[in-house]
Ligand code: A2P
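Given as structure tokens, the chain that follows is alone and in the form predicted alone.
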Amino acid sequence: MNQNIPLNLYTVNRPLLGTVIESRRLTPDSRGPKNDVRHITFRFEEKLPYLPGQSAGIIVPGTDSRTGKPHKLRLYSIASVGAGDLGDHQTVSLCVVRHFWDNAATGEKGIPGLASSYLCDLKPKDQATMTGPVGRHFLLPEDFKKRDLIFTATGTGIAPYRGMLRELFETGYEGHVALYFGVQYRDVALYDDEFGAIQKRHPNFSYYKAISREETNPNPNEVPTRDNKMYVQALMYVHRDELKKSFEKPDTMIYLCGLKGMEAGIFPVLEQIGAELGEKESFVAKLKSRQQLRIEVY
């Protein structure tokens, strides 16, 4: 794996000041605030080295009213290639959904998330303090050029793959990469145009969407899903013959990023693929032991 990983160059005690140069809504306004997802790009006076798959920390101004202490640091996956969206190594982009939560103790519902509201409300020329980069686990391997890669995501878990895919195809990638993206509605598939454009240019990239509120799981007996909705694992089951071809290669890697619990749906499909490939023990355990399964869930 990559040994030259930039880590913790900026900290809470020595943060980096970034200026917003873009805050673009990725979902239709008609989907309302609960489907408000923003692509936010910060620019810095100095260069910021990072790798696709790492995260940046956001320091929310003010103090926590419950503790009187500064708000806890929030980490967000970086959604840009290492050189940044402008290619000058002086920007970082984040993909942020406006979060709401329910307080079980008080019964209050739909409470705006502190950090996500802060970020989504930022306008161009506003500034924010950041830390990082952090993370060494969810990176591309140094020898990625000829490996097959399988990326799976739900919601804003798509963020790291945006940078990773650009990294792959800007450096002469020769393997095959498949992206499985689970979303509720077709019009909230984040960066859909970008991924579609990559697919047109590169025949070794396959882009698949599982639209849970618009499509039905065709194999509910083999891969049960809630209300027979189409989830990522159901789509992977449909494509298991294609996935088997990748996993027949000894160095194929699979990445999972998104809502915690997605493993519970995807792992059984991987185990079945392993069984069909003749694996006698747990295929998931084998992939983990070989560092070929990478998970980043929240």
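We number the residues from 1 along the sequence you see. Values in this document were obtained by computation on a predicted structure and should not be read as measured data.
Note that the form predicted in complex with the named molecule isn't included here; everything after this is about it.
K.L.:
Would you check, heavy atoms only and a 4.5 Å threshold, whether L94 touches the named molecule in the predicted complex?
P.N.:
No, L94 sits far enough from the named molecule in the predicted complex that none of its heavy atoms falls within 4.5 Å.
K.L.:
Using 4.5 Å between non-hydrogen atoms, is G261 touching the named molecule in the predicted complex?
P.N.:
Answer yes; at least one heavy atom of G261 falls within 4.5 Å of the named molecule in the predicted complex.
K.L.:
In the predicted complex, is there a heavy atom of the named molecule that lies within 4.5 Å of any heavy atom of P160, even though the partner is absent here?
P.N.:
No, P160 sits far enough from the named molecule in the predicted complex that none of its heavy atoms falls within 4.5 Å.
K.L.:
Although the named molecule is absent from this view, report whether Q199 comes within 4.5 Å of it in the predicted complex, heavy atoms only.
P.N.:
Contact check for Q199: no, nothing within 4.5 Å of the named molecule in the predicted complex.
K.L.:
Among 207-215, 101-109, 79-87, 120-128, which stretch has residues whose heavy atoms lie within 4.5 Å of the named molecule in the predicted complex?
P.N.:
Careful reading of the contacts points to 207-215.
K.L.:
Which residue, Y255, F247, Y237, Y231, has a heavy atom that falls within 4.5 Å of the named molecule in the predicted complex?
P.N.:
Contact with the named molecule in the predicted complex is made by Y231 alone.
K.L.:
Quick check: do T11, K72 and P133 each get a heavy atom within 4.5 Å of the named molecule in the predicted complex?
P.N.:
Verified in the predicted complex; spot residues all out of contact, no.
K.L.:
Going by the named molecule in the predicted complex, which residues of 161-192 come within 4.5 Å of it through any heavy atom?
P.N.:
Sequence-ordered list: G182, V183, Q184.
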